[in-house]
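First comes one chain, alone, set out as structure tokens in the form predicted on its own.
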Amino acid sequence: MGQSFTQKILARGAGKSSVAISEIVDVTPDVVMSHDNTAAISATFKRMGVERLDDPRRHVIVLDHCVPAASEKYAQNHKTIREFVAEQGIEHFYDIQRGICHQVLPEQGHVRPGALIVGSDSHTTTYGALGAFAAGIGRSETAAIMAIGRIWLRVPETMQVRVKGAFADRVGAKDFILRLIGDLGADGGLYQAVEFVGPAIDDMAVDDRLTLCNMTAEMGAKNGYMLPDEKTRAWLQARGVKDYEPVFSDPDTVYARVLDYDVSALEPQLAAPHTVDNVHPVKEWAGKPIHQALLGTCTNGRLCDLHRAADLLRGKKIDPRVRMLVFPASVEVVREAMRDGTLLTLSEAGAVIMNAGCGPCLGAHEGILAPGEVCISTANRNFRGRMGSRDADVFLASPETVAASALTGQITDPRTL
């Protein structure tokens, strides 16, 4: 029986020739990511009685969840992290000006095909778009890796999602992943690896592949994955990443489940409050008034996402009743969007251009909602209270749908503009 890509990467991390599905393996990760939660992780690490990190080079820390600090509490949190970084000699530290961890790590060359990556954030699955095994873990597990350099994982079974067809105008990757989560449910891929293949995936830009893998966490998946190809190689080479060994599933791999999709007839989709799997065509909610539109986050804050919104907003004005906030995913995205005029277009339309970071996605600052308010967002979660008040509503949608809705002041199918 063939080995899946996940089995092969975990076997390599465990120093074994092969591993079986559901086997518990003790692995040494190549990269360990944490963010603003590093302060709490470092406290756990110190309670273990270990003075020095097992290998500081393995750790990447990015401040992104509340940047700049919105209160004394957050400021102290960041101060604690900076002191821990200096004390332990952690070279790969990205302070408040760099962007969101799930964009910064790939851009800075920390993600490569065949790598075994874990991170103390559920959307660490994003990195699978570049051919890595990437999974979210808990804070205590991250602290344990700091101490001993290893972690145990159960080898997941693999679901294969085969995607063909071509997206219609103003329909794309975000619409597809929402539809998939809606079909499977929030636990439809529980502790499974999700392997995306097919002509529609091959045609996708790397940025869109990152969106798909980012949201596999919302179906309960352990990790998402895409086959490294020429687009992957070119994207990595542009960032100086050349030394890696891609991993592919064997042709005779037995999948737990195989799903077939044709995206040719797919319509714009949204996730209605208060679960990510409450998915409907946008047209079913058309006309619902909104107060805020959020473009950005680790799901859809990349340059292509800003381009899609700008294309709809160019020469137009956002409805005066709507606050549109734009959070680029990284400073690299900010600079590129400055150079090509995208940020100017968004600003002239009435959007507020924010710093690269998570912003209000987690309800910490910079645009949280009041009771009774409605936000349409390109983020990945819409749980009750996620963006502030438990009495606010959050709809998840694509950059095109968010931009169209900002223009009209109500949920709008972007194809109607």
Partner chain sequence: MTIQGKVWKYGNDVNTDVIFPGKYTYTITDRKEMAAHALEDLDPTFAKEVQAGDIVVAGSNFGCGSSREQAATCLKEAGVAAVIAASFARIFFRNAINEGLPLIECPEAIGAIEAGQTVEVDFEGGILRVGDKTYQFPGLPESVMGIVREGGLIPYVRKQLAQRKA
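Residue numbers count along the first chain shown, from 1. From a predicted model like this one, the values you see are computed outputs, not experimental measurements.
There is also a form predicted together with its partner chain; it is not shown, and the following applies to it.
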Check your understanding: Might residue 367 be said to contact its partner chain in the predicted complex, defining contact as any heavy atom within 4.5 Å?
Key -> no
Point to revise | Close approach of residue 120 to its partner chain in the predicted complex, 4.5 Å, heavy atom | key: yes
Review point. Would residue 333 count as a contact of its partner chain in the predicted complex, using a 4.5 angstroms cut-off between non-hydrogen atoms?
Key: no
Check your understanding: Can residue 30 be called a contact residue for its partner chain in the predicted complex at 4.5 Å between heavy atoms?
Key -> no
Exercise for review: Name the residue from 90, 272, 96, 151 that puts a heavy atom within 4.5 Å of its partner chain in the predicted complex.
Suggested key: 151
Study note, to complete from the structure: Students should find that, of 372, 385, 68, 56, the residue having a non-hydrogen atom no more than 4.5 angstroms from its partner chain in the predicted complex is 385
Review point. Which one of these stretches, 292-300, 236-244, 220-228, 195-203, sits within 4.5 Å of its partner chain in the predicted complex when only heavy atoms are counted?
Key: 220-228
Check your understanding: Non-hydrogen atoms within 4.5 angstroms of its partner chain in the predicted complex: do 176, 209 and 415 all have one?
Key -> no
Exercise for review: Heavy atoms within 4.5 Å of its partner chain in the predicted complex is the criterion; list the residues of 35-66 that meet it.
Suggested key: 35, 36, 37, 44, 47, 48, 49, 50, 54, 65
